[in-house]
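Just one chain follows, in the form predicted alone, and it is written as C-alpha cells.
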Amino acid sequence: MPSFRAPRGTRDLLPEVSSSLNRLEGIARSLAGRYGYREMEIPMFEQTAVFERGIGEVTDVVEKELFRLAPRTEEAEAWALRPEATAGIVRAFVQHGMQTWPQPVRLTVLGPMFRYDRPQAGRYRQFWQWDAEAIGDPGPAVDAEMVEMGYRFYVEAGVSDVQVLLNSIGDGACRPAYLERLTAYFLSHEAGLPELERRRLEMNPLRLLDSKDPAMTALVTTAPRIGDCLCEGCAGHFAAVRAHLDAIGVPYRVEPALVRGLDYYTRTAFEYYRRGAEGQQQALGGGGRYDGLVELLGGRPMPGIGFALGLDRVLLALDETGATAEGVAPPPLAVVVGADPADTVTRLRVASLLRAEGLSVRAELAQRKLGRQLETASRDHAHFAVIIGDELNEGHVQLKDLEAGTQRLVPLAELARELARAAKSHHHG
C-alpha cells in the first residue's frame, strides 16, 4: 500500500472527475455571463474576523468547522481558509469602493472552499462552489432572477426534478416580535431540548428551526411560523418574489421552517433540492438576502442577495440518478505520426508548428511502427493523422482523415490552414 495518501476529507480529482467539474464550471460561467455577472477571485484565506462577522460566531461553520491557520508568531493576524465566498466578496466590495460603481454590482466566484467538518458522503473538507452575489438592489425582482439563475444551472447541468424551497425571514421591523414568540414556545418545551439546542435557544433561537437533530422534528413542525408575523413590507416583498417566479416558470414550494439565523439576513431565503430528497444533508445549494452584511463589514448600508451552489453535490446527484456527469475532454484535431519510428524530432517539430497556430495537436513520441501510431491516433478520436514520410523532402506530408478513411498530399506550408479550415467547418477529407 502507498505510504502517503490525500488528507482525510479531501480527494484527488482524477482526469475524469476534473473534466466533469470543468463542465459544471463552464455552465456556471456561461450563465453568469448571460445574467450579467462578472467573475472575480478572492484569497483562499482571510482574517478570521471576516468570517466571524460575515457568517456568525455562533454558527456551526465558525464554532466547529472553520479551517483555522496557525500563525507563526504571536503578532500574526488570525487567518482561516475560506468556508464560503460571500464574506470575502463583500469584504472586497467594501475595500475597493465598489459602492461607487453602477448598482447593482453583480459578482461571481468559482473555486474551492474549506471546512474542517466531519467527512461524509457528499461533504468534503475541500469542496467546490459556484457563488454569485448581487449587491445594491433591494429586490424583489433581482431575488427572483437570482433564484432562477441557480435553478437554470441545475437544469443545464442535467440534474432532474430540482425544486426550490422558498421562505421569507422578515427583517428588523417584524422579526423581533417573532423571535419573542419562538423563544417562548421553545422555553415551554425546554426540558425536552437536546443540550446543543438549549445553548442555541439562549444565543440564537431562530437556528432551532434548522436543527439536524431528529429529536427536534416534532417541535419544529408545531413551532410558530415567521410567515404569520411578517410586516406589511416583508409580506409584500415576498408576494412579489413569488409573482416573479410564477411569471418565469420556476417551480418552488414555500417552506416555513427554512431560515437564516443571523440578524443581517433579511426577507428572501431559498434552497435547492431534488424532489423527495429534502433532508438537511441533501441541499444542492442555497442563498438569501443579506441587507445588513455590507454595513457589518465596514461599508455603508447596502442591500444584497446571493447564493452558493455546491458543485460536488451536483456530481453526486448526477451519479445517483444515473445521469452522465462526465465532461468529455475534446479530442485532438490531429496526431502527428511518422514512417520512421525513431524520428521523434521531426514529429515534435511539426506538432509544435501547428500548436503555434492555435491548433490542438498531439505528437506521437513513442518509437513504434506507423501502424501502431495510427491505432493510437484513432483511439484518441483524433480527426486527422499527419503522416511524416519521404514526401517531407519535397515539402509535403500525408493528411489522413481517420473518420472518412481518405488520405491526400498537403504542402507543409499549407497544413495549418487546411487543419484550421477543417476544425472550423467540421467537414473532413
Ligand code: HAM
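Counting begins at 1, following the sequence as shown. Remember, it's a predicted structure, so these values are computed and weren't measured experimentally.
The form predicted together with the named molecule is left out here; the points below concern that form.
The shortest heavy atom separation between residue 84 and the named molecule in the model of the complex is within 4.5 Å. In the model of the complex, the named molecule lies within 4.5 Å of some heavy atom of residue 308. Residue 288 belongs to the set of residues with a heavy atom inside 4.5 Å of the named molecule in the model of the complex.
Taking the partner from elsewhere, residue 115 is found to have a heavy atom lying within 4.5 Å of the named molecule in the model of the complex. No residue of the trio 53, 67 and 197 has any heavy atom within 4.5 Å of the named molecule in the model of the complex. Only one segment in the set 242-250, 126-134, 334-342, 162-170 has residues whose heavy atoms sit within 4.5 Å of the named molecule in the model of the complex; it is 126-134. The contact with the named molecule in the model of the complex, taken as any heavy atom within 4.5 Å, belongs to 265 out of 238, 265, 151, 186. Distance criterion of 4.5 Å from any heavy atom to the named molecule in the model of the complex singles out 283 from the list 283, 297, 107, 80.
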